[in-house]
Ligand SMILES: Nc1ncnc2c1ncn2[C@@H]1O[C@H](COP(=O)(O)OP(=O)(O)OP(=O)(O)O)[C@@H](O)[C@H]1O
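First, one chain by itself in structure tokens, the form predicted alone.
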């Protein structure tokens, strides 16, 4: 659906050349909700703007639905953009236009709809986002969540196959963020729209994404399905993002002499009492210092910080058998006391 092939992007500034992206390669499948996460300055917003050629790559190719958009002439590019909707962090609504006029704007650009068809489409979209009663309001009369819903309705006006979301929830409170994420999930499922979601919030990734790429300094440093990335992050930046959501640091005051382990459970293992069974078998006490169970893409992911109490040889036998049950176990070293 979307193929980003060895793309680099450089900007010329008064201080010289700034490299925003370097040799980025990424494939996004049709129907996915694909997250791109990174800290400020990682290059993620630049990357998403290349997909509809709001920015032109310095080198490399962007293939959208089999078509290389980096070589499209302006007229063909305008046509391609009608198939790509975009929503923004700050909503980008026209302040002097009503809600209905904001949604009609991209439809009027195509010049192929009658007034009746425009009005009908506006009503359909407002019904979909639950704001039909706001049709004649102005943006200043709306809350942040309502503005973003209108932004989403406008992005859907031309029946796109791709929806680009650039920090779409960053300006919203947590409750409103959840509402917008549920709406995006519904758009993906009911309208079969591929969503590319830029964010610096792993809670957003955890909530709705199928797959995620992690960026740092203009590069993709890790990419995986969300469940696999959360359960086995490899790159240090990915680990920081994952641990920020899990909040699984070692509690202060825990003595360094204690034997601490991190247990990672998958869906099936959470449903089985293997920890207590094997603890009794080897006479090892497992003291849980921290625990969480998270739902990721309809699967459960358990994360436990555990102290193992017992003779070393019995602890090692118990850990070995737990690993045979598929539980990932990592010894915790270098923690702060």
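Residue numbers count along the first chain shown, from 1. All values reported here derive from a predicted model rather than from experimental measurement.
As for the form predicted together with the ligand, it is not shown, yet the points below apply to it.
With the partner omitted from this view, the residue of 32, 52, 294, 45 that lies near the ligand in the model of the complex is 45 [heavy atom within 4.5 Å]. In terms of contact with the ligand in the model of the complex, the residue from 167, 137, 222, 210 that brings a heavy atom within 4.5 Å is 167. Contact check for residue 273: no non-hydrogen atom falls within 4.5 Å of the ligand in the model of the complex. By the criterion of a heavy atom within 4.5 Å, residue 318 is excluded from the residues contacting the ligand in the model of the complex.
Within 4.5 Å of any heavy atom of the ligand in the model of the complex lies no heavy atom of residue 311. The ligand in the model of the complex is approached by residue 20, whose closest heavy atom lies within 4.5 angstroms of it. Here the chain stands alone, but in the model of the complex its contact with the ligand, taken as any heavy atom within 4.5 Å, falls in 35 to 43 among 298 to 306, 280 to 288, 35 to 43, 56 to 64. Along 58 to 77, no residue reaches a heavy atom to within 4.5 Å of the ligand in the model of the complex.
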